[in-house]
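Here we start with a single chain on its own, the form predicted alone, put down as structure tokens.
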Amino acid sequence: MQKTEKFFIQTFGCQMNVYDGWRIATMLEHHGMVRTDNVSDADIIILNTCAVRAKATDKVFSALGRIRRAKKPSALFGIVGCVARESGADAFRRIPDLNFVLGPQSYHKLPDILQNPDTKLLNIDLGGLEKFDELPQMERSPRVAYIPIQEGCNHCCTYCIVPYTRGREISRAYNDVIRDTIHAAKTGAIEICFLGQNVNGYKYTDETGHTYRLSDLIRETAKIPEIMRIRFTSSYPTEMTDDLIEMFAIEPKLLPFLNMPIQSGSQNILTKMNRPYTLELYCDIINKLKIARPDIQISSDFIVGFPGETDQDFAETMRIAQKIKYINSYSFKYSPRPHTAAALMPNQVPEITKAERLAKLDSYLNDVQREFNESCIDKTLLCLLEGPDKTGKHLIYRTPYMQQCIVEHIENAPELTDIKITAANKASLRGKIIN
């Protein structure tokens, strides 16, 4: 009797990588393999990687070092995704017994290594959208289905490696996206999250000359009965067009929550970052969104310690954070990345200064997040079941604002239900399901 081969996959980074990981797993299952969580038991080991910061790349190569010591001698192992594209053939030099290095638009080539296990496979071509055509559909969708609608980015921020690792912006065909959305709905999805490095820049023109935007995808997806919640990430401020803002006013399935990174509150630093919007424009967009949807809440991304950032520049970042009051944010120390202009800029900020500024910003952002969470006490929110916690004693739901809400475990818990919030802290809410 032939032994069933097993695969191990570990995903790092963004939701696009999470989606890629799901599709890789589905592809390998279609080749008769089964998933394992034990590296030493796997016949093929895949690290699905993120290169957005130096620390993320270092984590990948640290993990590779551990894996090479723990894996079976016969097991194939390699990296896919952004670190593969960033490192290229140099990855084989750093880890000589790697079997494959595949970029984020090449992982559909994995079956080639299964058919030719004695060869080394390197493919970091940017290509196009072929992987979406070649990969099999998932037979069962999770409750939250991530649907990529475009790859790459044209904005070329001076700190960002994405244009190098994922290439220039390409939007998927409108009908292909709707097909995937319908398939997800028919196989278990309740929530759709549209993905893209510049998701609200989605623009596809069909053979008749008609151009579709993200607002069109939202409008059509909302017609699907099984889909109750819609969101998208990550947004670029200048792409937040009026037709998209209007969707927050007219489509109740679109969640009242938006991640719109500002990165810095200093106009000087935004210019150095090559982010061509003014603070006035950014704030005007926020005001339009709040008029369209009064209950909307905003999250953001911040980079502190960008080359040349002065104390005054950082003070302006603190002021914009205090003005907008983001309910959830991701803030990081600037990390020089290869193939980016900012890595070569003068006046690099010392690490100790970056750490001090990050601690100050995080402290304030955490206070705002806690205040917002506490403001939800005694409110009733319609929440989506995520699954049990690690103890099995509780269930985790997500509110319309992506807060984690913890309730007591019950059998046959509803997937989408009203929960009355009874307590809150910085990290999460607690509540009771309303029968």
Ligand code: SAH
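Nothing here was measured: the structure is a model prediction, and the numbers come from that model. Position 1 is the first residue in the sequence shown; the rest follow in order.
The form predicted together with this ligand is left out here; the points below concern that form.
This ligand is not shown here, but in the predicted complex it comes within 4.5 Å of a heavy atom of Cys160. Though the partner is left out of this view, Phe232 does not reach within 4.5 Å of this ligand in the predicted complex, counting heavy atoms only.
When contacts are judged by a 4.5 Å heavy atom cut-off, Phe314 does not count as touching this ligand in the predicted complex. In the predicted complex, at least one heavy atom of Lys333 sits within 4.5 Å of this ligand. Though this ligand is absent from this view, in the predicted complex it lies within 4.5 Å of a heavy atom of just one residue from Leu384, Val52, Ile44, Leu64, which is Val52. With the partner removed from view, the residue among Ile303, Cys82, Val101, Ala189 that has a non-hydrogen atom within 4.5 Å of this ligand in the predicted complex turns out to be Ile303. Although the partner is absent from the chain shown here, none of Asn17, Lys59 and Ser87 has a heavy atom within 4.5 Å of this ligand in the predicted complex.
With this ligand left out of view, the stretch that reaches within 4.5 Å of it through heavy atoms in the predicted complex is, among 88-96, 160-168, 219-227, 240-248, 160-168. Interface residues of 185-217, taken as those with a heavy atom within 4.5 Å of this ligand in the predicted complex (partner not displayed): Gly196, Gln197, in sequence order.
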